[in-house]
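Take a look at this one chain, the form predicted alone, written out in structure tokens.
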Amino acid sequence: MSQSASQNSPSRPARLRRSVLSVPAINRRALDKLSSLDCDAVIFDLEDSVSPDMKAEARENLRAFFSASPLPGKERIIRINALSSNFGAEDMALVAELEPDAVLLPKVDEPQDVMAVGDWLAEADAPESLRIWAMIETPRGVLNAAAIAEAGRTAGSRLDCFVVGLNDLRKETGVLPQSGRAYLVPWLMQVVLAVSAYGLEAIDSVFNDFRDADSFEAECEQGRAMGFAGKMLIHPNQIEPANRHFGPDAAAIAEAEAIIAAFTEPGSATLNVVNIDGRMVERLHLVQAERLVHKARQIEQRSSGAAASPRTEA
């Protein structure tokens, strides 16, 4: 169970996940607008935002959308209903048919929730590029975050990312939706610690009042400071501030480029520590610097209209 990530999952490039827009699969108008939006990833929701009597129509909407709109440069994730529900099996059949970049599992409570879907995808001969994202939105999910993340790094697992769902977590715990999320921060950091320990990423929860721009900016700033890779969004107006707060700034890019340059100098190839302007920098910082510069280049490519599909990034 505790084998290294390098043994058990293929090396994958850092992806942009600053802005992860959730769109109800039943909303055709919202689907049609996606190609014009500058979000990094899209969650096509078949779960909470689609009423039971509209599930079949929502699946048909996605069939039509995927056949015509590949959304190059954007990671595409389908959020299914629980496998134990009346809709889970049909949702998973749709995932196998459409082959998005990932499937998002709701209310993941324990490692077996992820492993069961991984086994289902393997039996369906789904490509390895089809990954698993996990919604951590229950008390059990938070308590088991480390075990879920660890299971996600074992042989055959496809787990890539956690998404925190605070609306359900607040409902189950009684924590009020207060500004600053003071009583939720320990749980949020527990999730960040779990993904960091096992080489995954975590996406911060949605901010419900899309008209409150100032509070949204503050929550983005907080989420970035806590170590989240990006934020789940519910409205296009939230994309630009999320991209800005979760993206690398000019100073961070310059520092990363300096670290890379220092380790590529003659005589530094075998060193684990180098001196940069009087500061000792370890080789572990080189890996972080390379990921940051890779993300900066992805952003630059997108702004120039030359972004590659997440499946084919080098």
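Bear in mind the structure is a predicted one, so any value in this text is a computation, not a measurement. Heads up: residue numbers just count along the shown sequence, starting at 1.
Quick note: we don't show the form predicted in complex with coenzyme A, though the next part is all about it.
key: Segment assignment from 176-184, 215-223, 202-210, 151-159: heavy atom within 4.5 Å of coenzyme A in the predicted complex   = So the stretch in question is 202-210.
message = in the predicted complex, does each of 94, 101 and 126 have a heavy atom within 4.5 Å of coenzyme A?
response = No: none of 94, 101 and 126 comes within 4.5 Å of coenzyme A in the predicted complex.
query = If you check 106, 236, 118, 111 against coenzyme A in the predicted complex, which one has a heavy atom within 4.5 Å?
reply = Spelling it out, the residue with a heavy atom inside the cut-off is 236.
query = Tell me, which of 191, 232, 78, 229 has a heavy atom within 4.5 angstroms of coenzyme A in the predicted complex?
reply = Exactly one residue meets the criterion: 232.
task = Please check if residue 268 has a heavy atom lying within 4.5 Å of any heavy atom of coenzyme A in the predicted complex.
result = The answer is no: residue 268 has no heavy atom within 4.5 Å of coenzyme A.
query = Just to confirm, residue 45 within 4.5 Å of coenzyme A in the predicted complex by heavy atoms?
reply = It does: once coenzyme A is placed as it appears in the predicted complex, residue 45 has a heavy atom within 4.5 Å of it.
ask   = Using heavy atoms and a 4.5 Å limit, would one call residue 21 a contact residue for coenzyme A in the predicted complex?
value = Contact check for residue 21: yes, within 4.5 Å of coenzyme A in the predicted complex.
Coenzyme A contact in the predicted complex: residue 37, any heavy atom under 4.5 Å = Close contact exists here: in the predicted complex, residue 37 approaches coenzyme A to within 4.5 Å, heavy atoms only.
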